[in-house]
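Just one chain follows, in the form predicted alone, and it is written as structure tokens.
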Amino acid sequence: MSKEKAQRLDKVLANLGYGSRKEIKQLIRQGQITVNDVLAVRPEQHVQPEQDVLTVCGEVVRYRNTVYFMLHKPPGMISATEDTRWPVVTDLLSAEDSVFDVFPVGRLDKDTEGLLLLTNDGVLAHRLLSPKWKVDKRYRATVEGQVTEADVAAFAQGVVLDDGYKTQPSVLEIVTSGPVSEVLVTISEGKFHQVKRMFEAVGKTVTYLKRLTMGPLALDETLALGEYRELTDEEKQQLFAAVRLIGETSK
């Protein structure tokens, strides 16, 4: 580990949500912080957090530069970090996790629910959203109107939206067809309200929309609306592999 990666002890712990620098200093005075089983004595002590074993009040500190959270987004929330009118998805994070300054990767409409990735890894986020990598996103939708094989063919060719943009080919699967239809839709883009606008282009209205997958990442259905968890190591590696970030992204 190079010297450039050494950081002040109080800064590391404050950034991980263990308190303000003043509070960290007080914990050091109380003998509540150790570095490699040795009591810390100075808040400005330099540590290598990826190598050194730090404890606070007997708890081993889990150090991460980057974090990756899977959120089951509920309806009624904005996919943003702040908004003046509506609650935002980052409001759902615990105080411990909020310190990482994560942001949503892409957007789900306010009334759309389902899989939303939150991270502070800008490189991964950029690649997941870049048209270059064509990361598929799969949705379940309830549609007013009978979805037909003609609609399936239209989606496969790409449909022209209300602003004249022709979408990339997408996959439309009919689950049930009738006055109200249930479908699955897979797209590789992320235009504003895209799925809803695609159905509007074929004369139908989406009344319910839920994102199920983003690339290889699938929504953990054991998460209730509004709940989140960290990605497993396997899920992270699958995401990195999907956009060729193996070996490039922080642990």
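Numbering starts at 1 and follows the sequence shown. Model, not experiment: these values are computed from the prediction.
Missing here is the form predicted in complex with a small molecule; even so, the following discussion is about that form.
Looking at residue 172, you'd find every heavy atom of it more than 4.5 angstroms from the small molecule in the predicted bound form.
Not displayed here, the small molecule is kept clear of residue 32 by more than 4.5 Å at the level of heavy atoms in the predicted bound form. In the predicted bound form, the small molecule sits within 4.5 Å of a heavy atom belonging to residue 209. In the predicted bound form, residue 139 approaches the small molecule with a heavy atom inside 4.5 Å. Of the candidates 124, 108, 147, 135, 108 is the one whose heavy atoms come within 4.5 Å of the small molecule in the predicted bound form; the others do not. This chain is drawn without the small molecule; in the predicted bound form, the residue among 46, 64, 42, 193 with a heavy atom within 4.5 Å of it is 193. Proximity to the small molecule in the predicted bound form, taken as heavy atoms within 4.5 Å, picks out 193-201 from the listed stretches 24-32, 222-230, 193-201, 50-58.
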